[in-house]
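Shown next as structure tokens: one chain only, the form predicted alone.
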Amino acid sequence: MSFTIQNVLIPVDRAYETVDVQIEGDRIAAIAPHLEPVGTLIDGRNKLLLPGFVNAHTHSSEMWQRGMIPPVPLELWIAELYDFTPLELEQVYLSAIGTAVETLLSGGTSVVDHLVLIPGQELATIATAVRAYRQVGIRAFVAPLIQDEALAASLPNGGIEREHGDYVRSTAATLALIEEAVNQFHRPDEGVNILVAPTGIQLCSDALFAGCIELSDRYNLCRHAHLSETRAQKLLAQEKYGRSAVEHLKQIGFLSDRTSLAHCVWLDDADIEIMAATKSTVVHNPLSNLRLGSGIAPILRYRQAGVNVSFGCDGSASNDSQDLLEAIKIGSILHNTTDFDYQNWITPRQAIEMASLGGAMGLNLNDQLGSLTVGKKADLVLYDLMNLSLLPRTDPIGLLVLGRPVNVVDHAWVNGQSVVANNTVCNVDVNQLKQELFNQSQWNAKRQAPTVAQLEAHYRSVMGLSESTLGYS
């Protein structure tokens, strides 16, 4: 497929230029004013063209619990999440479709899905998500979420001997599962990638990390995990290893330029130096960090140290949406409160680069994606500058990042293929999707989470909180 976007606005240096952009096949072929048209013509007047963003960390199946879990810290939140994780493949399919659609309509053309697996149906879960992403046409990085320790192990012991119990699947079986997933579904040339994705040090043994490193090296896979999301996880790392989680992951060889790590809230200066030296990527999830009270990640310090940073929405039960533009806005201006030197603050253009090129770099694809560059993949988004939320005319990128853009994506392409046209998703009947999500859910303001009841008292004890509980569970 070939097409030409005519008379479109693109950012150049600190200004904008009106150009034509030619796409041939899956690549950007030319960018210049007054090009000879080729293929289908797209009217770019009063529109802004940007590279597609990367939703660099989410959990698609959490869509079924968004708006449901009350404001509690991660360790109690996840206990309720686990108690009510969807167990039907149709739910996996619909939530993956919904996640992809919301990502596309907020400027994202790639999604990293740290996919929760249905016990006993692990490969079917992955196959279902892959089918959904192929249908939508978004570039998918499916990262099956794996662990080999029981949920109770995620809390610090605080000097108390505790039995954690066994996990439902052995380390060897888990690694065999991921290798089979790679063999069945890893098709980068078709826009589907499998990542090795241990959930984090809080629920994974060194043996599981070692197996993931070996698979990553053998199959040239990217690596993904949660890292130091909460103060409890920082305490746990000291209990388990006698050092920080970052130091430990460096020691066992997990950190690399193919490694992206979600959250990274509780890192110190020594950790930040390690992240920079290993060229690991931080995925900033500002909304879930605020929602769960995890803290404010030191993003300005990461950037000053040369650490690559990208943006993620995180799952819809801790955000509770997949609006990537919202994550970019909050993830930028939040840090103005952490450094009084305004010259270190994140500008709208820097935020756009973090969301696009930073996201691509975290997936080791910055030579293929993330900028408007001739020869790169045509993963592009066209924004309607006549939309009321982007008016009156000032700085288009400033309006996009600092404003509250609503329904502003006019067109989007992945691999040169149209996935949004005239503000309409091409490959999904969104009205039907809404009806199916409605039909398979119900209004529900209160439910009982037995695992929370088991963990809450210990959590409050190790975190130095009063012994009384509020009956949350």
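Residue numbers run from 1 along the displayed sequence. In this text, all values refer to a predicted model and were calculated from it rather than measured experimentally.
A second form of this protein, the form predicted in complex with another copy of the chain, is not displayed here; the remarks below concern that form.
Contact between residue 434 and another copy of the chain in the predicted complex is found at the 4.5 Å heavy atom cutoff.
Residue contact with another copy of the chain in the predicted complex: residue 266 places a heavy atom within 4.5 Å of it. Using a 4.5 Å cutoff between non-hydrogen atoms, residue 353 does not count as a contact of another copy of the chain in the predicted complex. In the predicted complex, another copy of the chain stays beyond 4.5 Å of every heavy atom belonging to residue 23.
Each of 323, 340 and 404 places at least one heavy atom within 4.5 Å of another copy of the chain in the predicted complex. Distance criterion of 4.5 Å from any heavy atom to another copy of the chain in the predicted complex singles out 349 from the list 186, 134, 303, 349.
Only one of 387, 256, 251, 371 lies close to another copy of the chain in the predicted complex, with a heavy atom inside 4.5 Å, and it is 387. Partner contacts here mean any heavy atom within 4.5 Å of another copy of the chain in the predicted complex, and among 273 to 281, 109 to 117, 362 to 370, 389 to 397 they occur only in 389 to 397. For the partner-free chain shown, just 46 of 30 to 50 comes within 4.5 angstroms of another copy of the chain in the predicted complex, judged by any non-hydrogen atom.
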